[in-house]
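The chain below stands alone, shown as structure tokens; this is the form predicted on its own.
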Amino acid sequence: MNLELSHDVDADAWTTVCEASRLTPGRGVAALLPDGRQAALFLDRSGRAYAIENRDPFTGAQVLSRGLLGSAGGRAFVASPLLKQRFDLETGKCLDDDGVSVAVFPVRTV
């Protein structure tokens, strides 16, 4: 089974990014997208996959895939490994600064 994500304006355009078996629950993986951006892929302990932009908006570094997964109020998040800001994996919103967010990509397993 492969993991695909949609990163284009056309919601029907899907890109295969990796085999689902390459993801380990609780750890992230970075993927280079055809448009040059990077996505951070995560699998939570219940088996749900998430994909967000890999770029930390506070530092500009491509590091969110190396962040720590957690949950707050029942919402899954990743904490940046640099300055520790937390990003909601469903919405991309920063839980520590309401004015900051990262892109979220729809994910499917095929």
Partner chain sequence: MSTTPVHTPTVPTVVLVGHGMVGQRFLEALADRGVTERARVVVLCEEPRPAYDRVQLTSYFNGRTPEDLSMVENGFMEKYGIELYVGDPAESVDRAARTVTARSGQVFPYDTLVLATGSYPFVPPVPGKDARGCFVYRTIEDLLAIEEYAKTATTGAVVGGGLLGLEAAGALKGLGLDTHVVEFAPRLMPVQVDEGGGAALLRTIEQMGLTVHTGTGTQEVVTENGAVTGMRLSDGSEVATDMVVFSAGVRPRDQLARDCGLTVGERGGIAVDDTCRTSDPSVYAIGECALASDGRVYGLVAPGYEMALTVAAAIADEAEERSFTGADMSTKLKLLGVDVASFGDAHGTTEGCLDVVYSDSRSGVYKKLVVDGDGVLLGGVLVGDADSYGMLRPLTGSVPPVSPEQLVLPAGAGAPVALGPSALPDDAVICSCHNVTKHAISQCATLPEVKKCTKAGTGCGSCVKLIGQLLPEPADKGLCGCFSYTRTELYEITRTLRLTSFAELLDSHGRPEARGGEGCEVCKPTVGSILASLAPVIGAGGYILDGEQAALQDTNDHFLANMQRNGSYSVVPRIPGGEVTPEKLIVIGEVARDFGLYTKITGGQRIDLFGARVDQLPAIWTRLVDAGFESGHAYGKSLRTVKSCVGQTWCRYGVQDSVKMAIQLELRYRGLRSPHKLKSAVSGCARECAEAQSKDFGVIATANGWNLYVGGNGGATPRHADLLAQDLSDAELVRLIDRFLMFYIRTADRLERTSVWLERLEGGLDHLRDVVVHDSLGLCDELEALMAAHVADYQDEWAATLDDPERLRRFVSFVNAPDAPDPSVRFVPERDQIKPDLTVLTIGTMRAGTLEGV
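Everything numeric here is computed off the predicted structure, so don't read it as measured data. Positions refer to the first chain, counted from 1.
The discussion below concerns the form predicted in complex with the partner chain, not included here.
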Task: Partner contact for A20 in the predicted bound form: the partner chain, 4.5 angstroms, heavy atom - done: no
Task: Residue contact check: K93 to the partner chain in the predicted bound form, 4.5 Å heavy atom - done: no
Open item on the list: Can you tell me if L82 lies within 4.5 angstroms of the partner chain in the predicted bound form, counting non-hydrogen atoms only?
Closed with: yes
Open item on the list: A49 versus the partner chain, in the predicted bound form: is there a non-hydrogen atom within 4.5 Å?
Closed with: no
Open item on the list: If you apply a 4.5 angstroms heavy atom cut-off, which residues in 87-104 are near the partner chain in the predicted bound form?
Closed with: D98, G99, V100
